[in-house]
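One chain follows as C-alpha cells, the form predicted on its own.
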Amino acid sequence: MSALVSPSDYRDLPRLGVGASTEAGTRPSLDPVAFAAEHPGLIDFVEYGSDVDRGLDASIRGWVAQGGATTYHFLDVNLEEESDIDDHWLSGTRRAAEELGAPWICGDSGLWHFGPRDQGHGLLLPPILTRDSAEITARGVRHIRQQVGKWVLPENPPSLYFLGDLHILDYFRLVSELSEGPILLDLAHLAIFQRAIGASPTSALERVPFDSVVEIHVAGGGEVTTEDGFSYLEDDHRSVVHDDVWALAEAIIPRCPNLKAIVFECEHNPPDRVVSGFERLHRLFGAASC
C-alpha cells in the first residue's frame, strides 16, 4: 500500500507544460507520437483517459516508450460513492498510473455510472452543489490519494443543469480546502456553467481557488440553439475554442501560481486543425510563467 503524500507537496509537482488529451480505444484519436514528430514543441505531455477495464492502449504505450510525460484521467469512479472506490478500482488505477509514470491522477467529480460499474452504464452527472456533497467528495479524494499514493485532482464536470445552493467554484474551493489538495479547473465546463446560470463567462472569478489550481483544461465547443429557442454551449471537443473559454483562460491562467499543466482536449480532430490552439496556449502559459 502506498503512503499518503504530504498536503504541501503538490506545490512541488513537476511543471509539465501544455499537453494533449487521448482516450483509450477511441477513434479517431490524436496520435501523440506522430503529432509531436510533425509539430515539435507543441505537445509537452499527454493526458490519457481510461478506466480499469480498458487500461492502456498502444498509442499511449508508444508515447511512454519514447520517454513522453503523462497524466492519468480516470473515467469510471464516483467520488461521492464510498463503495465505488473498491480494491479492484484502486489496484487498477494505481497500476495504470505507475505504468504511465503519471505524477498525479485526475477525473471529473460526478457520477460516471449509475449502479454497478460497467461499460454499458456510462454517463456523467454533476455533483449536487452543497456543502454535504463537497465533504463526501473530499473524503473520497483523500482516500484515493492515500491508497494510490498520488495526488488526485477532482475536475468540475460539464452539465446544463445543476442542483444545490453553491456556485460551482465555491463547491470546488470547499473540496480543495476539505481534502487539503489541488484541483483541476476545466474552463470549457466553467463557461457552460456560467452560461447556464445566466452569468458572464468571467463573473465571480474571485471564487476561484487560484492557489489550488494545478491543472487547467481547455476544449472546443460551440453554440447550440434548440427549436424552442433554448441556447447553450456544447462541450464537443471540436477544434475551435469558444470565445468565452478563451476569455476565461486569459483571466485565470496568469493568476494560478501553482499551475503545472494545461490540457487541450482535442483528441478527435485532424492534427492541422489544432495547431493554432496549442500555439495560443503555449503563449498564455509562457507569459504566466514569466
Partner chain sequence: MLSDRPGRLDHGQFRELAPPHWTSVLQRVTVRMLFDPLFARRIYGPEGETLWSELELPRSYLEQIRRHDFRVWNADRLRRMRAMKGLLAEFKASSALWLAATRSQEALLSFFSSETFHRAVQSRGYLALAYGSWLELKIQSTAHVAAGALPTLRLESALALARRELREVRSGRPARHTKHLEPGEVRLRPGYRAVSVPSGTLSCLQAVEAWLFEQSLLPVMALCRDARGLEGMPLPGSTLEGFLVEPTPSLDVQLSGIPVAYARLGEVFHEARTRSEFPSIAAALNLPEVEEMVDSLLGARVMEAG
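Positions refer to the first chain, counted from 1. Everything numeric in this text was worked out from a predicted model, so none of it was measured. Under this definition, the rigid core comprises the largest set of C-alpha atoms superposing within 1.5 Å between the forms.
Keep in mind that the form predicted in complex with the partner chain is not shown, yet the notes after this line are about it.
Enquirer: Of the listed stretches (98-106, 180-188, 73-81, 146-154), which one has a non-hydrogen atom within 4.5 Å of the partner chain in the predicted bound form?
Expert: Looking at the partner contacts, the answer comes out as 73-81.
Enquirer: How about residue 115: is it within 4.5 Å of the partner chain in the predicted bound form, going by heavy atoms?
Expert: Looking in the predicted bound form, residue contacts with the partner chain include residue 115, since a heavy atom lies within 4.5 Å.
Enquirer: Using heavy atoms and a 4.5 Å limit, would one call residue 203 a contact residue for the partner chain in the predicted bound form?
Expert: It does not: once the partner chain is placed as it appears in the predicted bound form, residue 203 has no heavy atom within 4.5 Å of it.
Enquirer: Would residue 126 show up as a contact with the partner chain in the predicted bound form if we use heavy atoms at 4.5 Å?
Expert: Looking in the predicted bound form, residue contacts with the partner chain include residue 126, since a heavy atom lies within 4.5 Å.
Enquirer: Is residue 211 close enough to touch the partner chain in the predicted bound form, meaning at least one heavy atom pair within 4.5 Å?
Expert: Taking the distances in the predicted bound form, the answer for residue 211 is no, it never comes within 4.5 Å of the partner chain.
Enquirer: May I ask whether 87, 160 and 164 each come within 4.5 Å of the partner chain in the predicted bound form, counting any non-hydrogen atom?
Expert: The answer is yes; 87, 160 and 164 each reach the partner chain.
Enquirer: Given a 4.5 Å distance limit between heavy atoms, list every residue of 226-259 close to the partner chain in the predicted bound form, or none if there are none.
Expert: Read in sequence order, the residues that approach the partner chain (within 4.5 Å, in the predicted bound form) are 226, 227, 228, 229, 230, 232.
Enquirer: Is residue 229 displaced by at least 2 Å at its C-alpha between this form and the one not shown when the rigid core is overlaid?
Expert: Yes, its C-alpha moves 2 Å or more.
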